[in-house]
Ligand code: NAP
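Starting off, we have a lone chain in the form predicted on its own, written out as structure tokens.
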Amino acid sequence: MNPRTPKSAPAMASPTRPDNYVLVVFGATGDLAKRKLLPGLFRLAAGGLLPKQYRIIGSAPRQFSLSDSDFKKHAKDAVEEFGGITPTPEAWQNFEAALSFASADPDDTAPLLAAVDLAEKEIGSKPRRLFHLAVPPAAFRSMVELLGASKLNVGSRIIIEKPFGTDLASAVALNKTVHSVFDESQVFRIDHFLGKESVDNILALRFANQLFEPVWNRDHISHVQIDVPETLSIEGRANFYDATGAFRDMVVTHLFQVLGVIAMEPPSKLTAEALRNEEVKVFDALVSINPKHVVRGQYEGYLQEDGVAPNSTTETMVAVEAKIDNWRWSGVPFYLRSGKSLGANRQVVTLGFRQPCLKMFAIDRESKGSGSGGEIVIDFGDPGSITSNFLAKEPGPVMRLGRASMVFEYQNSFNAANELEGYEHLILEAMLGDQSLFTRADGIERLWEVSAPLIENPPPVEPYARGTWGPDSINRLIAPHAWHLPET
């Protein structure tokens, strides 16, 4: 994909555009809006995927309030820096005309109400409303209550960012608050991983290809890895990160969601209800996390980061063994790893196949668990790829086996210009009212429930050097298998 080219409508797009909309972005002056939401909305507009008539209202508390002209400049700077495109004059003028700003505080909703009312009058014909809470998690409750008190919730939809709660009790309480204002059908709990083309393609790989689905089970697969290392440190986010840690930040929110896609049973149809029912069944079958099967690491120098408590035991890296107690996956361990200041930026699912029962070939015992039985490797980092690793005969007179691969790459296939980034895809789906790729209330509560033993009794953190793959104990956790990353 040429990152300088505006995206066009995807080949699998809905045959109709969303209804006319007023979109309100709470936290519009924050980092998420700058890096993802404003550029994403512009790219949707440039690709012709936003409604025919729409208005985008940026909002923030009074102390961060902007004039309309300042917000338009802020949005243009964000698009130019993070959108991967240079807006053409015509495209930007059309988008800019839809932008405005209004402050919003629990004790003063008048500016927001006036802005929404004006936007709806400009569009006419009772447009839909979508509110995106791009605010710190501590503000979720107050913003939801603000929408309820102002009656803006009626007939509206709401996108709520992660993390949704910090444990079971907080998730239940937040769901209770949300449901006091919004029906579950109006709520879109967002995880941008689920908006990735390459994650969505897992469903196609499994269920549209007879080659794969028959072997996607405990009889053929020995273990599964979901590996999302990051090279970045906490990057000045100590206030958030030191109170959160890698498990809450990445595993509950992102990696468990990918596990749900990997492990689900075939849905009866590709609808939100059918897909989310199967995902929640996976979560119901998850065995509570055993702290003895978890490695928590902390990169060297973390305690010297600005804002980090000098005696902090927050993990900056975590590796977890998860188990699913159902007919398809019983006995197959799922290894989940993520963290900061690790050896690479990757987003990889590896399905390791069992060794053949009849070993007519000599296989290097040292390679056991490293792919000698075959692997499917799904790289769901943008733009993504699918690799099948297997053994093949090397050329020559002797029967000698060597590693071989077959690779599918998104960037070399189909029309890359049709690809939507995660946030773009999910914002579009929320406007269309399709909850397929969003987390349901009972699903997120179940994930916090199975996480409770680890949260309540975490193992001590172990130090690891920056740029490595974590403490040495991660290799003992996964034995007799081996991590696919680093690739060998």
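None of the values given here were measured: they were computed from a predicted structure. Residues carry their position along the shown sequence, with the first being 1.
Below, we turn to the form predicted in complex with the named molecule, even though it does not appear here.
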Practice problem: Indicate whether the candidate residues P61, P136 and K162 are all in contact with the named molecule in the model of the complex, with contact defined as any heavy atom within 4.5 Å. | Solution: yes
Self-check item: Among 139-147, 179-187, 402-410, 267-275, the region lying within 4.5 Å of the named molecule in the model of the complex by heavy atom distance
Solution: 139-147
Exercise. Tell me, out of L32, V461, V450, I455, which residue has a non-hydrogen atom within 4.5 angstroms of the named molecule in the model of the complex.
Key: L32
Quiz item: From the list A28, I444, L428, L437, which entry has a heavy atom within 4.5 Å of the named molecule in the model of the complex?
Solution: A28
Quiz item: Looking in the model of the complex, any heavy atom of Y54 within 4.5 Å of the named molecule?
Solution: no
Quiz item: Quick one: does Y423 come within 4.5 Å of the named molecule in the model of the complex, counting heavy atoms only?
Solution: yes
Quiz item: Do R128 and the named molecule share at least one heavy atom pair within 4.5 Å in the model of the complex?
Solution: no
Quiz prompt | 4.5 Å heavy atom contact, R248 to the named molecule in the model of the complex | solution = no
Practice problem: Just give me the residues of 180-215, first to last, that have a heavy atom within 4.5 Å of the named molecule in the model of the complex. | Solution: H192
